[in-house]
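Shown here is one chain on its own, the form predicted on its own, set out as structure tokens.
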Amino acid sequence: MTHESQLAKKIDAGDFIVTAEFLPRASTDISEIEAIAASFKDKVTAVNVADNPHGPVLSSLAGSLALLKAGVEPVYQMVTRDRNRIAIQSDLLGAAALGIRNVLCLSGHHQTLTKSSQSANVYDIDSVQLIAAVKQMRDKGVLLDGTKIKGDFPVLIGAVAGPDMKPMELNIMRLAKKVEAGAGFIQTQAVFDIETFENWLEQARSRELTKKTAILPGVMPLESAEKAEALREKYMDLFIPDSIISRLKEAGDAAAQQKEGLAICIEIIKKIKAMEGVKGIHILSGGRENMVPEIIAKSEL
């Protein structure tokens, strides 16, 4: 199938890709998104719109449409934590009808890691099954129950991987399942441990997964030693080495630590962007979207 998205075209052309993340707020003020879109425009190929990662905020679908209208290509994120297969397919049809051409499929962090810890989780299907469902809708033109879709569904499918997750063998097996199910690109969790990421990438190369999908390692500018320690304690799929925590602490006050966090991010980009099998970089801003243009400029992306 021929995709319409710029992200798909760049992947097909073998171009180096830069994507970024936008974390919606609990807000109905579209002008905020328009301002963010203006800062991203012509600097990135596409922008992920997070799907309620920390609790209820503006929906990824609405945020994606707002970016699209502002001239920035969105990557519509969908987590299976909050929806059953009926809602999932309905939202996917809506996204395609509105002109959204990239979908990132993920399970989502458990609701106990959000501000809405009392909410029920759904997980009717997992991320691999979601990828397969979107592929079926795209390639066969039918829903999971066999209902034929009227109209085109030209969607590029993406997925997420966590290079730090152990054991490595099962980690790579799950990556392979996502690629086999139909993931055309993989965005990883933020990379801080270069050695572990290099090992993960080598394992992916050895199974020729890097030839079958576009690997976009994630990077993140850390704000402070305190926040870095909180991140690695909260999320099992994110590992930040002690050496990085120490660098942040030794930098000095809050402003100095933020500057050091940016420097570390740029160092990591320069180390991983030339690795064989890396097709681009995904910048995870953690809600500090204003830093993305500076990261791009200083790392010469």
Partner chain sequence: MIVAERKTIPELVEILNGHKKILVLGCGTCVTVCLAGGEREVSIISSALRIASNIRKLDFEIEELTIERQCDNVFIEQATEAIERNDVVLSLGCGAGVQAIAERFLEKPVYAGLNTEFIGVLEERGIWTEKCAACGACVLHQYGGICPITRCAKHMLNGPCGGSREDRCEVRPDRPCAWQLIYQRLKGIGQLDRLKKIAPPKNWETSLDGGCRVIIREDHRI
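Being a predicted model, the structure only gives us computed values, none of them experimental. Residue numbers count along the first chain shown, from 1.
If you look for the form predicted together with its partner chain, you will not find it shown, but the lines that follow are about it.
- The candidate spot formed by Thr112, Asp126 and Lys166 is fully in contact with its partner chain in the predicted complex: every one of the three has a heavy atom within 4.5 Å.
- Note on contacts: among Thr196, Gln203, Ser119, Ser107, the single residue with a heavy atom within 4.5 Å of its partner chain in the predicted complex is Ser107.
- Contact with its partner chain in the predicted complex, defined as a heavy atom within 4.5 Å, holds for exactly one of Ile244, Val44, Ile268, Leu238, namely Leu238.
- Contact with its partner chain in the predicted complex, judged as any non-hydrogen atom within 4.5 angstroms, is confined among 215-223, 94-102, 151-159, 177-185 to 177-185.
- Using a 4.5 angstroms limit between non-hydrogen atoms, Lys227 is distant from its partner chain in the predicted complex.
- A residue is said to contact a partner when one of its heavy atoms sits within 4.5 Å of a partner heavy atom; Ile86 fails this definition for its partner chain in the predicted complex, lying far away.
- Contact annotation: Leu170 falls within 4.5 Å of its partner chain in the predicted complex, judged by heavy atom distances.
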